[in-house]
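Take a look at this single chain, the form predicted alone, given in structure tokens.
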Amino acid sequence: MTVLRSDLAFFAGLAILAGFGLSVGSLFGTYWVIVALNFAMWIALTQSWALFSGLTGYISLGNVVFYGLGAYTVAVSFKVLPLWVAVPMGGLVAAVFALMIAVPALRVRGPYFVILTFGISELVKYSILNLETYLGKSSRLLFGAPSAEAVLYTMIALAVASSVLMRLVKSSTFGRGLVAIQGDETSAETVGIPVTRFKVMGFTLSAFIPGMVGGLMALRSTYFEVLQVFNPFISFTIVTMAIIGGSNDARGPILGAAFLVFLSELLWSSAPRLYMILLGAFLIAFVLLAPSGLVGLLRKYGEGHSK
């Protein structure tokens, strides 16, 4: 009964947040549409990362490759395919790529997996950069892209979908299997959990939405440039938001994204030169003082309040 109430509260809160996001343009104007778009983008990316890395403990620094592949797919197919086909295709391309590399990549874990995923993202980045140079396309302009508000509505849908997916997976047999893998893969396999299959499924599933997010953000910027969309800072930001919010609960990426997006807005306007220093200080503080993130702090507060 408690779990049901928790689920209902989560979905109700998500619906309220989405409804508020959809009305930002009419309530506050264009600037806050961009802020809301960035907020929804980071929720979708961080939830997708948490779906695999947060549950299994396989910390990835390569999720930007899914984002970049989605952006590249939409940029290449722009004006050739309708956007309602091109954007999901970006997600599909990212998921197929994840499926192709999953088995060899997931043979290692710990710091080796971190380095491997970062290396894969760099390899793909420079491979596409060389391909674009060969084709004589240093960049691509996307004229006639949808408005920022239209992109925002779709991005909110992806943020909601990724949040719901994370919540459902976490409470499913599949999700419990992923959590068991984090604890001990050998023990999980001994009790009948198909470890390799679950890891491949989780890794592939975590790539689909970031591919679509990348495609949407390419439309938003109306400009595709390889070094921009495959920027490692995207992966670092995703991991930072997951750590701050808490990566093993669907509320965590939302809280982490909210904290970092609005803190960034505040710092950029008041102390732009100290932005990265303060950001690093906050991250260190959360790792040392609140390893379970904001979600962990909420749990502690709830337990203390109930006593």
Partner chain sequence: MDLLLSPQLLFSALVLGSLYALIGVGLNFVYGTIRLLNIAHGDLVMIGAYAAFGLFTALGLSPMFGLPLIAGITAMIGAGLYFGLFKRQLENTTSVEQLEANSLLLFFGVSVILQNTMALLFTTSPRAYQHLDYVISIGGLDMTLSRLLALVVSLTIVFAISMFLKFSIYGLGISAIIQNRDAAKIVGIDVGRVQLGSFILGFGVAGIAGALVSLTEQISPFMGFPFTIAAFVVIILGGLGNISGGIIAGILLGFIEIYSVALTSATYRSILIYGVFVAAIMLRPQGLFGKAQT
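Numbering follows the first chain given and starts at 1. Predicted, not measured: the structure shown is a model, and the values here were computed from it.
The same protein has a further form, the form predicted together with the partner chain, not shown here; the description that follows concerns it.
- Stretch 109 to 117 is the contacting one of 109 to 117, 75 to 83, 165 to 173, 88 to 96, since its residues have non-hydrogen atoms within 4.5 Å of the partner chain in the predicted bound form.
- In the predicted bound form, the partner chain sits beyond 4.5 Å of every heavy atom of N248.
- With a 4.5 Å cutoff on heavy atoms, T240 counts as touching the partner chain in the predicted bound form.
- Heavy atoms of F236 reach within 4.5 Å of the partner chain in the predicted bound form, making it an interface residue.
- Using a 4.5 angstroms threshold between heavy atoms, E132 stays clear of the partner chain in the predicted bound form.
- For the candidate set L219, M155, A188, A105, a heavy atom within 4.5 Å of the partner chain in the predicted bound form is found for exactly one residue, namely A105.
- Taking a 4.5 Å heavy atom cutoff to the partner chain in the predicted bound form, the contacting residues in 277 to 297 are I277, G280, A281, L283, I284, V287, L288.
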